[in-house]
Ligand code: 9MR
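The chain below stands alone, shown as structure tokens; this is the form predicted on its own.
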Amino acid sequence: MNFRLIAAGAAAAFALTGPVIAAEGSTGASTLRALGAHIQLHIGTAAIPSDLSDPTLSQITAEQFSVLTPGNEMKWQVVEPEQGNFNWTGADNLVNFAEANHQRVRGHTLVWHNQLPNWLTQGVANGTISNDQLRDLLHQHITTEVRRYRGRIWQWDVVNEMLADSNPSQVKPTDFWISHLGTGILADVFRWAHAADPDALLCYNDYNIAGEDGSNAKFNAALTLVKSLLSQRVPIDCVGDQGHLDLQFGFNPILMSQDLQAFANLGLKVAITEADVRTFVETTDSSQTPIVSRTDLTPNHTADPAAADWYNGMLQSCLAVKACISFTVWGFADAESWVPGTFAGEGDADIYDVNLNTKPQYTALQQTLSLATGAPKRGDHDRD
């Protein structure tokens, strides 16, 4: 999913500030991170540069979470804005911050139709980049990026959002990569990533693939895709269900548990990778202009009871499946949410409000994790 880009910030240099956490779970016993550590469930967040450089944000990032996902900093558009000219500043900063604070990293994302560099898409459009050259460029991109962080990335979202929003669903024939390189490219990219870092967990990541939309259309397509890859001995290790929910639609946590378990039954790890729960909100004026900054927002907790229940439902679905190794919120603060800039009139999607106060959504996760601390641990996490 596209995290809100901050002007000149996606790849800009910045000094890392904030606390350095001594060891896993060594912060306050009631933090999400510490509570998850009791059962070896990693609690994560998507992070953008301000989450690492702003003192208040960086303290929350370090104390509350044990795994970080870069919001934008590892996407091709950011790391290679001009062909052959790389900018690893943002990605390096995030990995360094994570290591300084004893956190793991989910690499996001290697193959996606969105946030590609202009030189690549324009070259394909005008014919200066052939399909054979495109394949070679993708191979080079994956190899270069995965090798750079070899041994430092826990999970990679190798392929992101490749399935159609239809019933029945399927791999989108119009997807940028599929339309030019065919469906066989999906097996290739996992093999290329594995060759570049054999120890990283390699994931397929998508939304609505665990019944969030009230049907199993995309789940069935995802299951078929994963089974096909496994039958080809493709090195796929996990499935990431994004978990973007909207209170105007339904949500069935029992169906989510069942669907996550179905992936686990194939011998795969599963993860909730981009959890948030959005709803309609009021702006500070009567306009319908999308909310894009902190000054446009006011804390609004009228929908919190339902939103907290849905956050809790996603977490409980993960807890019900032993193979679920991480639960990641897609950013923690409403002021930095991608939702208002994408869904006009919607927001209030995160677990901290615009003033960085915890919301009932946070408390629901905290209480459920606290109650789960006596449950059996989730296994060996050396690679899991």
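The numbering used is simple: start at 1 and walk along the sequence shown. Source: prediction; values computed, not measured.
In what follows, reference is made to the form predicted in complex with the named molecule, a form of this protein that is not presented.
Visitor: When you measure heavy atoms, are Asn114, Asn160 and His244 every one within 4.5 angstroms of the named molecule in the predicted bound form?
Guide: Spot residues vs the named molecule: full contact, yes.
Visitor: Exactly one stretch in 352-360, 66-74, 28-36, 311-319 has heavy atoms within 4.5 Å of the named molecule in the predicted bound form; which is it?
Guide: Selected stretch: 66-74.
Visitor: Do His108 and the named molecule share at least one heavy atom pair within 4.5 Å in the predicted bound form?
Guide: Output for His108 is yes: heavy atoms within 4.5 Å of the named molecule.
Visitor: Whether Phe327 contacts the named molecule in the predicted bound form should be assessed with a 4.5 Å heavy atom distance threshold; does it?
Guide: Output for Phe327 is no: heavy atoms all beyond 4.5 Å of the named molecule.
Visitor: What are the residues of 249-279, in order along the chain, with a heavy atom within 4.5 Å of the named molecule in the predicted bound form?
Guide: Heavy-atom contacts to the named molecule in the predicted bound form: only Glu274.
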